[in-house]
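Presented as structure tokens, the chain that follows is alone, the form predicted alone.
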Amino acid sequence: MKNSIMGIIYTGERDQQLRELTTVRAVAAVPLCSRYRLIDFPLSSMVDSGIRNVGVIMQRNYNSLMDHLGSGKEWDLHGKHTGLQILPPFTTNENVGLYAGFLDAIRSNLNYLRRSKEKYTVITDTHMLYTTRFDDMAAAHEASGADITLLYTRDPGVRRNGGGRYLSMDENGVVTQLEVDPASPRLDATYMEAFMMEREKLIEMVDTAVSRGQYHLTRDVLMQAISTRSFKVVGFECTGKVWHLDSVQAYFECNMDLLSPETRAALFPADRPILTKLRDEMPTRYFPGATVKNSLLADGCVIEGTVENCVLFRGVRIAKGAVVRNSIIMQDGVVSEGAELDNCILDKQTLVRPNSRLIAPRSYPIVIAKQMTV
């Protein structure tokens, strides 16, 4: 079963939701948990499930994502005949590289699907954070005789008024209702915008839908398939913790949640490692007088001041007398002497001047864009 599954990761159309964090990068490339990117989690779940052919469909702002993925070596996806396939926007006179929707993105990469030989395809988006076993999903898909299997969660933390996709199922797991962006969700299962179906059926479905001017999978295809029962659509539950990263506040709370060892253990199971690009660094240095409490620090940091309840990425420097609490500081950020930060998100290579004070409520953290000086 494992060798008969291929994966596709769609890097998304939701760049605007994370504001300054996605001005110069795709959602999939957003840093998380001191050393990872969002794409590491679906990609590692695929690799841990035995998938060795993975295509990543790019949309916009994909330079940093391509740099992160490289040849796929860190995920053991750099084989001669299979491995990681980077699929940048397909640009023609008619197509300017911005897909009209998910189905249009797949249609532009049908040649990749046709060249592949696996029986099944699992496709994920990147704005939800979780780990799961796609090989178990494939086994359930085959056993149910479904045309399409949708990944869902019952985690209440991902439900949103006015947003999201929600399902209800009968006693056999067959999806009977689907609602999109309701003002108040009425159905108890949240569709995670990841699904599985046979590769040949996917090609046929996409070709048929786009020929009819349909470009959105959920609204144009799934809702019709469920209401008319033209496809057998079933659900597969993701039982672990799930985060919906659809706002800066959600991103901030996700990183703060991961300060808990129990929560990290649930997202990083010992038997299914989360892989990422390596960057050789010296270990973090703690100078006399430094104080660090309940924080995640990557390699290469230099700590002389106080750090509490923070997530620090590689190469961050906290100067003597600086106090940083409840904050996220991305790669190579510098907090100068005497500065004070509370509830802040600093993007890469930012500089906080001496004696500056940046303090915000937890519900609305301050975001400093990449390479800014404040």
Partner chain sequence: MLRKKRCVAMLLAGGQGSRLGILTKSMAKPAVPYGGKYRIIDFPLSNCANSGIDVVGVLTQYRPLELNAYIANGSTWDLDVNDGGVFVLPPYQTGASGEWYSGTANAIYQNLAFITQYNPDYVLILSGDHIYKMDYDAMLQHHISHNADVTIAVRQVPWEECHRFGIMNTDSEGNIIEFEEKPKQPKSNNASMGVYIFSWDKLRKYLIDDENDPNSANDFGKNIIPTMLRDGQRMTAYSFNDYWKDVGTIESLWEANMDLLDPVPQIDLHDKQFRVYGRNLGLPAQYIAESAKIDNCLITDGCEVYGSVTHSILSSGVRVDEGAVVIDSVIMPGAHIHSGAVVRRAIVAENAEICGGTVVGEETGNIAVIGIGVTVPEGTTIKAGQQYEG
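Owing to the predicted nature of the structure, the values given are computational and were not obtained by experimental measurement. Residue numbers count along the first chain shown, from 1.
The discussion below concerns the form predicted together with its partner chain, not included here.
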Discussion item. Is it the case in the predicted complex that 333, 348 and 351 each bring at least one heavy atom within 4.5 Å of its partner chain?
Written reply: no
Response to the item:
The one option of 248, 205, 189, 298 with any heavy atom within 4.5 Å of its partner chain in the predicted complex is 298
Worksheet item: Ok, 317, 52, 325, 68: which has a heavy atom sitting within 4.5 Å of its partner chain in the predicted complex?
Response: 317
Discussion item. At 4.5 Å between heavy atoms, only one of the stretches 301-309, 54-62, 23-31, 337-345 reaches its partner chain in the predicted complex; which one is it?
Written reply: 301-309
Worksheet item: Do residue 284 and its partner chain come within 4.5 Å of each other in the predicted complex, heavy atoms counted?
Response: yes
Worksheet entry | Proximity of residue 145 to its partner chain in the predicted complex, heavy atoms at 4.5 Å | no
Fill in: 4.5 Å heavy atom contact, residue 271 to its partner chain in the predicted complex
no
Discussion item. Residue-level contact is defined here as any heavy atom of the residue lying within 4.5 Å of its partner chain in the predicted complex; does residue 263 satisfy this criterion?
Written reply: no
Response to the item:
Taking its partner chain in the predicted complex and a 4.5 Å non-hydrogen atom cutoff, the residues of 35-67 making contact are 35, 36
